[in-house]
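This document starts with one chain, in the form predicted alone, laid out as structure tokens.
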Amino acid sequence: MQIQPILAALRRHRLATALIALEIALACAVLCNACFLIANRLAQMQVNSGVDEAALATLHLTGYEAGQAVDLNARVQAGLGRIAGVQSVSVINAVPFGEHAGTAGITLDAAGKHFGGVVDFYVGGPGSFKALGLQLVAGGEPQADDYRPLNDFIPDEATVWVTRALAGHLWPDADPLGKEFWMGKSHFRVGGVLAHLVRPSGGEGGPDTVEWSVFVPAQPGASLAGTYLLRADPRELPRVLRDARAAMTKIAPDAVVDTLGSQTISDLRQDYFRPDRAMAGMLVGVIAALLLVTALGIVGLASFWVAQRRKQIGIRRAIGATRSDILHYFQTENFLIVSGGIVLGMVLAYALNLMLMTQYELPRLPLYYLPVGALALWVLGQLAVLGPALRAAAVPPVVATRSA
């Protein structure tokens, strides 16, 4: 198949060719970036929380007086501990995929000149570290004397446990054990490093900060009350949580159960990522609609050209062209148009990605999305043109010549 006659024919239909090429370019740009966004969303949904989600639930109480916090903690922990199936009950300020409770900026010096970033503080009472199922990569578990009284929402001086991701950010290529940092006048020393512990509601500065978490052991009291971590066998956990909610009317009649905040960690994860699933579904719909419109455009143009070229097809058939020759002609023509659109689309894809990087802090589009998108559009183009091309190849020479 000679390319020159095809290019000559396309030059005689510049406007139609340009419109289809632009449609292909737009489809390429949107397809590559939409697939990249979907992949990012799916990757974020698979984030490792760092806790034993299947065995954990949280019970959140509101409406109680601050002066009753110590008594409330004692009553609730004792009452929940008597429920069948409860393995442990502890006080904590936040859980993964729940609401923020202790977000603050930290510095690496007491003077506050070396800013370390914005992190989330998990403040947990005795038993909470073990109940969460946190995995250590350095250091040991908190000891009894590590649980300090609170001043505001964290102790003034505390040994804390940081995630590996946060330690790598604050002290790259250095052993974080024993390192110090500050939050205002509060001073912390690293006693251990956790493999993972996701922030309650994601990262403040993008995906790279999603594990900038600090676990602070502390004594429950007026500043640490109302949120309780329950651990149970995963098979019993839903029933245990239902019983715990129902028991609150007797255990703590002076408090109100926050039903939205009182869920299993697995359910909190599902709720937290519901917008991401909806976004991924919407992007899949956009991709499907765009590819359908692009395919219909190719089919329409190819059908129009087949109708216009009946005489030309008949003449070619009369002088010896086979059905395969006619079929390959339209397929090659479509391949050239789609290829031109893909070249422009790759430029548009990177331009769109740069805008998304600037506006939404997305990472750079990996290069391998471009050939994948190109392959998808080449296949789409060939499938879309196949019907009109087969109809053209099926035109008998005599019928085509008389129809002129």
Partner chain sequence: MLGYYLDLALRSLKRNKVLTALMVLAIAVGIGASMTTLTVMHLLSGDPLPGKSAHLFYAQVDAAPDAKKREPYDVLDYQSAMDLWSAKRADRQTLIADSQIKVHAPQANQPPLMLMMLSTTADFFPMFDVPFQYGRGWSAEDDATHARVAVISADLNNKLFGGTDSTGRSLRLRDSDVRIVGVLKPWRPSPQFYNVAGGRFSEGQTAAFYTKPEDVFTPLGSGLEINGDNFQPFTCWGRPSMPLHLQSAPCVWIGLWVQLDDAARVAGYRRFLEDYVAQQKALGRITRSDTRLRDLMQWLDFNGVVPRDVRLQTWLAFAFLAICLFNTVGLLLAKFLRRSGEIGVRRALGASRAAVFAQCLTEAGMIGLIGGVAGWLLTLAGLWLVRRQPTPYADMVHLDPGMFLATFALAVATSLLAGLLPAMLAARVAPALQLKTL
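Just so we're clear, the structure is a prediction, and the values are computed from it rather than from any experiment. Numbering follows the first chain given and starts at 1.
Unshown form predicted in complex with the partner chain; subsequent notes refer to it.
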Problem set entry | One stretch from 339-347, 47-55, 359-367, 373-381 that, in the model of the complex, holds residues within 4.5 Å of the partner chain by heavy atom | 359-367
Problem set entry | Contact at Leu7, Cys32 and Leu134 by the partner chain in the model of the complex, all three, heavy atom at most 4.5 Å | no
Exercise. Looking in the model of the complex, any heavy atom of Phe304 within 4.5 Å of the partner chain?
Worked result: yes
Exercise. According to a 4.5 angstroms non-hydrogen atom cut-off, is Asp109 in contact with the partner chain in the model of the complex?
Worked result: no
Exercise. Does the partner chain come within 4.5 Å of any heavy atom of Asp152 in the model of the complex?
Worked result: yes
Problem set entry | in the model of the complex, Leu15 touching the partner chain (heavy atom, 4.5 Å) | yes
Exercise. Taking the partner chain in the model of the complex as the reference, which of Ala84, Ala174, Leu260, Ala289 has a non-hydrogen atom within 4.5 Å?
Worked result: Ala289
For this session: Could you check which residue among Gly79, Gly168, Gly300, Pro234 gets a heavy atom within 4.5 Å of the partner chain in the model of the complex?
Result: Gly300
Problem set entry | Stretch 173-189 - residues with a heavy atom within 4.5 Å of the partner chain in the model of the complex | Met183, Lys185, Ser186
